[in-house]
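First comes one chain, alone, set out as structure tokens in the form predicted on its own.
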Amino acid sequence: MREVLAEAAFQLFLERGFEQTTVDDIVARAGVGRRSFFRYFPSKEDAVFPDHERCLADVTAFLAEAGDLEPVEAVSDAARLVLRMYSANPEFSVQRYRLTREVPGLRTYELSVVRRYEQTMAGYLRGRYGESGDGALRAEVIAASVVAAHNNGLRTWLRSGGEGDAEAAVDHALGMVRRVWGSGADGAAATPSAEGDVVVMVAAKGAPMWRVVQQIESAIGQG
């Protein structure tokens, strides 16, 4: 039923537009009552992202069982679970990407979803690096970097219409994170490779992490 409702909702969003589609329209198309819709989705926005709750649960479970896996490698592998969710259904993923570009409210909702993945990864990393001082800071920075790298590769693939190798694009971006923050790379952050460009960004004190990540993604994408 969750899939039926999500499919009906998305079809209507594409046909009529997100703002012009009501919950009543969705349940009429699906052939169910309003109560059924709200049993599965708190809002229209949730129907655009029907797979993220399950994927977030998968990411959480994966990290809980990561054991002694190198921390940066663990969160990179967790990010690949998100990528596989997108690449499993390229047509839907590309259509959703285009829809979120057109509807500001959906873009804001998407950012909140991305933030939940980032918080999950940061929580795991704090457990590995420590809850205070530089350990907590390292956890937040690495989590934000992994999310930014994943999203840069993913959105490059989505902008291409789902053509090419999504995993290769994301692996390339995550490789940069591992070279800087992986085991034995403590000094790498202070010594950028001569083969690549360096991005220096200044953010206002107190700026939300999602805004910082968005600026990093924009800078990388322009490179």
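If you're wondering where the values come from, they're calculated on a predicted model, not measured in any experiment. Just count from 1 along the sequence shown to find any residue number.
Missing here is the form predicted in complex with the DNA; even so, the following discussion is about that form.
In the predicted complex, none of the heavy atoms of H52 sits within 4.5 Å of a heavy atom of the DNA. Mapping the unseen interface onto this chain, K44 counts among the residues with a heavy atom inside 4.5 Å of the DNA in the predicted complex. When the DNA is considered in the predicted complex, S160 lies well away from it, no heavy atom lying within 4.5 Å. The DNA in the predicted complex is approached by T22, whose closest heavy atom lies within 4.5 angstroms of it. This chain is displayed without the DNA, yet in the predicted complex the stretch 33-41 from 175-183, 33-41, 150-158, 54-62 comes within 4.5 Å of it by heavy atoms.
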